[in-house]
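Okay, here we've got a single chain as structure tokens, the form predicted on its own, with questions on binding and movement later.
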Amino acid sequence: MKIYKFGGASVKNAERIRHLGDIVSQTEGPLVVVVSAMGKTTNNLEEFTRMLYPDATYEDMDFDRLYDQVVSTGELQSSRIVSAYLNHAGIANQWMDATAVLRTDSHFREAQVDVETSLRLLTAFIQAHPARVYVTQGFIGGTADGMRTTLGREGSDYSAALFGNMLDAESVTLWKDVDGVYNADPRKVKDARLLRRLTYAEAEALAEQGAQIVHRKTFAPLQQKRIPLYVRPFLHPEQEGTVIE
């Protein structure tokens, strides 16, 4: 089993979704495709939620609950579109609702995942719906009473790592709009160097210094089971990118 995570830029329009399909079609063996909301959808949904609840404070639990119900629709929508396109392109797949298999507490906007329960739910779903390719969502989960939750901003990388951990994946690949992980921001540092290999400790240190290529929570679930993490360029899938192991 491999895990592929595609961010918002990778599913922002029809051309990008077709390219995603090309990458998936060239991958052998079982695969879980984790997608973010399309483009800037999450930002737009956040703004819409603020309009509904203009006086909310960060400590307002009613707002946080509403936020998760509204903002989570971005991932659900994009994953439905990706799944439908893959089927149209002849890549049979099973759509999977992450809110039904990633069980969390009710700490809205920063939900904590119950891995043991999630593993049981995920295993049952896969056994009931056998497929080579599964399409699901990053960033979101669900409570026992059916409320949708989010795992914190930019949490789709973390979702991919959780799926990798629970499925004992061969690898997890984050498809990004960059060539890989650099030792500095190449947009700001002329001589920034692409790093082909990193240890998890080195990657965590870069994240703590402000590097935003990989979400900081991503590393622990993979390091626990020694699963390699690849950061590869979405537009140039022939390139190796960076491996963290």
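This is a predicted model, so every value here is computed, not measured. In case it trips you up, residue 1 is the first one in the sequence shown, and so on.
One more form of this protein exists, namely the form predicted in complex with ligand ASP; it is left out here, but the text below deals with it.
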If you check in the model of the complex, is T49 within 4.5 Å of ligand ASP, heavy atoms only?
no
When the contact criterion is heavy atoms within 4.5 Å, does G142 count as touching ligand ASP in the model of the complex?
no
Whether S36 contacts ligand ASP in the model of the complex should be assessed with a 4.5 Å heavy atom distance threshold; does it?
yes
In the model of the complex, does R153 have a heavy atom within 4.5 Å of ligand ASP?
yes
Ligand ASP isn't shown here, but in the model of the complex, which of 80 to 88, 116 to 124, 155 to 163, 98 to 106 has heavy atoms within 4.5 Å of it?
155 to 163
